[in-house]
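Given next, in structure tokens, is a single chain: the form predicted on its own.
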């Protein structure tokens, strides 16, 4: 992406504000932020055609009221933030990127955060490029994600049996918490089913490196993976 975040002060200024261009400061390096964002892309999409997945899409995140995307099933923590009229400004996004649960207790977001300020600045710059009239940024590359594994359509179209998934999940939940907390082991609750299926097949094909997960996924049939995806997709907190 060649687009730079032009100026935080200018971009976030209220209508009519006059700010000297020379006083503006870049948020960060949006190109580097795009690279860093890849670790977020398993749950969040951004850019043209972005949709809600395990997390809400992030188009227009600057200035958006927290928990406000209609139809998305937010965690209780984000529902409280909505009731508190919390708005995602750059300061709150910075804190959330550093440690999501320090800003929103009870959030379902299983992400340890970016500890380096420069990393957060660069990701914020990338996110910012999809807030200011994103339809006017033709340079913005589409974010259609390349799948980790190529799966036949019939595998992705399997409708999992949730009850069977619950039965199968007894082994999964010895490590993964049904509450959505990670505690060192990533949460797998509320994943978009297709993302869950792709991730499990990535382990099964040894494209993801974790040996235990490779072993666990290798035991499962396509129908069993779909059943687990169905169970964890709507697991209540």
Partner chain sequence: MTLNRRNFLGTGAFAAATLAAPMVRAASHGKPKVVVVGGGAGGATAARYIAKDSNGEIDVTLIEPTRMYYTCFFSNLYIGGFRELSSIGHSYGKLASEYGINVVHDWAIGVDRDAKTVSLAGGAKVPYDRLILSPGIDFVDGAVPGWDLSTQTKMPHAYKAGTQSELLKDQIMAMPEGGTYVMVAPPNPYRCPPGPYERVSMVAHVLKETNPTAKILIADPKDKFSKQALFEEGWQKHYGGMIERLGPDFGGGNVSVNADTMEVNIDGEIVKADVCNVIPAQKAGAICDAAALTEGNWAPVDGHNMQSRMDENIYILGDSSNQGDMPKSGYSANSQAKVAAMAVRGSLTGSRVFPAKYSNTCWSLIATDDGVKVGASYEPTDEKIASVSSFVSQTGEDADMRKRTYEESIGWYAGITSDMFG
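Positions refer to the first chain, counted from 1. Just so it is clear, the structure is predicted and the values come from calculations on it, not from any experiment.
One more form of this protein, predicted in complex with the partner chain, exists but is not displayed; see below.
No residue in the set 69, 72 and 109 has a non-hydrogen atom no more than 4.5 Å from the partner chain in the model of the complex. Stretch 163 to 171 is the answer when you ask which of 117 to 125, 163 to 171, 87 to 95, 72 to 80 has residues with heavy atoms within 4.5 Å of the partner chain in the model of the complex.
Among residues of the shown chain, residue 211 is one whose heavy atoms approach the partner chain to within 4.5 Å in the model of the complex. When contacts are judged by a 4.5 Å heavy atom cut-off, residue 177 counts as touching the partner chain in the model of the complex.
Contact check for residue 207: every heavy atom lies farther than 4.5 Å from the partner chain in the model of the complex.
In the model of the complex, the partner chain lies within 4.5 angstroms of at least one heavy atom of each of the following residues of 192 to 220: 210, 211, 212, 215, 216, 219, 220, in sequence order.
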